[in-house]
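Okay, so here's just one chain, in structure tokens, the form predicted on its own.
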Amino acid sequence: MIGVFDSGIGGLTLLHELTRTLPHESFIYYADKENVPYSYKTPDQIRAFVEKAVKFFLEKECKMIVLACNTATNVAIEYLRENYEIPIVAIQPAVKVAADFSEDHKRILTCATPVTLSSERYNKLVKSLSIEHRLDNLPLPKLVSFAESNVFEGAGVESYLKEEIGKVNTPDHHFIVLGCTHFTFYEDLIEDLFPNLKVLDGNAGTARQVKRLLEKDGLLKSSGSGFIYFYESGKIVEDTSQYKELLARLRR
């Protein structure tokens, strides 16, 4: 069993990649619906929320934990790895991929929550890549609220994206890095509204890393059918139709 954590439904975009990459594995998906969104929480609050989920996964005897929440990664991952022995894989904004593959004269745009963009971990990553001079950061916290309300299209979402992303001179940019798993639900819409931008997120790379570590530790399942349990802030979800519908949406 692999535990997958997110503040809400955003991590389903990573869960989708995990089930494609690891078809024989079983998962517990933990959405912290009682506390979403994390965009306006303090680092101490977020760390406490995530640690509660980690203890839950340990009680369920998970063999690995995946943080599918960029905000949680940037606030809590070092603390968790120092205090827990279980392997923990954490998603992070795919700025390295953008730096490796973007044209030298083009800028990179990272969209994430305010907590992620202001975090020491994220800014250390940016500095290590020496891309500060051609990077623009743009918080899009309202996208989390849209996603949690199951609003994935329509005038309200389009207006918000046009207004916020329109604040930067998009023709100067090559990649737009989606540094929040909630944002991946809007990948196609963003590319439709801003055709010159190539969308990147960390989901596929994180799924590959999970597979590599499971193989390395001899924990990868190679047969059988996997299944998924859904929990919301530690309570099992009896009616899983919303989660299944959202996963089906990602398969289109």
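Values in this document were obtained by computation on a predicted structure and should not be read as measured data. Residue positions are given as counts along the sequence shown, with the first one as 1.
This protein has a second form, the form predicted together with D-glutamic acid (DGL), left out of what is shown; the following refers to that one.
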Tell me which stretch of 152 to 160, 75 to 83, 124 to 132, 176 to 184 has a heavy atom within 4.5 angstroms of D-glutamic acid (DGL) in the predicted bound form. 176 to 184
Quick one: is Tyr30 in contact with D-glutamic acid (DGL) in the predicted bound form, heavy atoms, 4.5 Å cut-off? no
Any non-hydrogen atom of Val36 within 4.5 angstroms of D-glutamic acid (DGL) in the predicted bound form: yes
Taking D-glutamic acid (DGL) as it sits in the predicted bound form, is Leu109 in contact with it (heavy atom to heavy atom, 4.5 Å or less)? no
Is the gap between Val144 and D-glutamic acid (DGL) in the predicted bound form 4.5 Å or less for some heavy atom pair? yes
